[in-house]
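A lone chain, given as structure tokens: the form predicted on its own.
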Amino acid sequence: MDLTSLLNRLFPDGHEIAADGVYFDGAGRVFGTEVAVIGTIDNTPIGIELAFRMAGAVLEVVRRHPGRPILLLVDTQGQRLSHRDELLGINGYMAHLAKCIDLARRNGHRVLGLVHGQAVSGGFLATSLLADRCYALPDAEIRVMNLPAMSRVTKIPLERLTELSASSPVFAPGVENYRRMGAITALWEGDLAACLAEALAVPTDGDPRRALGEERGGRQLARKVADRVRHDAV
């Protein structure tokens, strides 16, 4: 779905969202609620400049519009893989972006993520996955690490990982697998404005992802292990 169509369906009451290349931000209105919007298009990689710009946009919302909900519409192939970005400390820029999103949440801003294109690797982990709730369109593509890369890191043969991915969503890419794991709260179809309004109205107490993953059969042990760790730490 192109950006214009997506924004019109999310904000039937109108919006003032401006694009600058692959980046866009602004505000839209849905059923009387003003929502700040920050995002990217064209599966763009997130380098140091874009990470810094997005972090600044989040801080600007916190400073100028206390309590305003923030919708992240980040379409990314992940962090930019370049020698320059690594030398300039892209890990620090991504961490800064993540901390700004966390700051917004701690200061009373409802933060939602909607994956509308690709969500890959650090570009996903440092943005939409840090939101209070993350949603996706049915045709979105989500993955953190592809199987060949996972094989190189874990030293598990690719054939074995391919076999595991057939039965476990933890090893497999795809929006449905991330929904089963609880990382994606729900898929948005049909009336996107109604989906957004409903998500804004849902209480955000606690992190439901472990419970959702267990309920949906995607992560059977995460909640139990986390509960044991918390219990033993008391």
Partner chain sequence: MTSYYEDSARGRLAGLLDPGSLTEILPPTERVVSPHLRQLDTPAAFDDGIVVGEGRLAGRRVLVAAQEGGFMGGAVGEVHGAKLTGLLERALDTRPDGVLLLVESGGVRLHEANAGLIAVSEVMRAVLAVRASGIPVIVLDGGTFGCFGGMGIVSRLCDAVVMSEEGRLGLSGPEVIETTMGVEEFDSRDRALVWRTVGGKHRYLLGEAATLVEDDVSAFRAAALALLDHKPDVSLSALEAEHAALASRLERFGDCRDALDIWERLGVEEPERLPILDTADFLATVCDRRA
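Whichever C-alpha set is largest while still superposing within 1.5 Å between the two forms counts as the rigid core. Numbering follows the first chain given and starts at 1. Everything quoted here is computed from the prediction, not taken from an experiment.
FYI, the form predicted together with its partner chain isn't displayed, but the following is about it.
Participant: Thinking of its partner chain in the predicted complex, which stretch from 194-202, 23-31, 172-180, 36-44 has heavy atoms inside 4.5 Å of it?
Facilitator: So the stretch in question is 172-180.
Participant: Each of D2, G108 and R110 having a non-hydrogen atom within 4.5 Å of its partner chain in the predicted complex: is that the case here?
Facilitator: Result no, not one residue of the spot touches its partner chain.
Participant: How about E86 - does it come within 4.5 Å of its partner chain in the predicted complex, if we only consider non-hydrogen atoms?
Facilitator: Result yes; E86 sits at the interface with its partner chain in the predicted complex.
Participant: Quick one: does G190 come within 4.5 Å of its partner chain in the predicted complex, counting heavy atoms only?
Facilitator: Because no heavy atom of G190 falls inside 4.5 Å of its partner chain in the predicted complex, the answer is no.
Participant: Check A140 for me: does it contact its partner chain in the predicted complex (non-hydrogen atoms, 4.5 angstroms)?
Facilitator: Looking in the predicted complex, residue contacts with its partner chain do not include A140, since no heavy atom lies within 4.5 Å.
Participant: How about R68: is it within 4.5 Å of its partner chain in the predicted complex, going by heavy atoms?
Facilitator: R68 lies outside the contact set for its partner chain.
Participant: Any residue of 41-56 with a heavy atom within 4.5 Å of its partner chain in the predicted complex counts; write them all down in order.
Facilitator: I48, E49, F52, A55, G56 sit within 4.5 Å of the partner.
Participant: With a threshold of 2 Å on the C-alpha, tell me if T185 counts as moved between the shown form and the other one once the core is superposed.
Facilitator: No, because once the rigid core is superposed, the C-alpha of T185 moves less than 2 Å between the shown form and the other one.
Participant: Superposing on the rigid core, is the Cα displacement of L161 between the shown form and the other one 2 Å or more?
Facilitator: After core superposition, the displacement of the L161 C-alpha between the shown form and the other one reaches the 2 Å mark, so yes.
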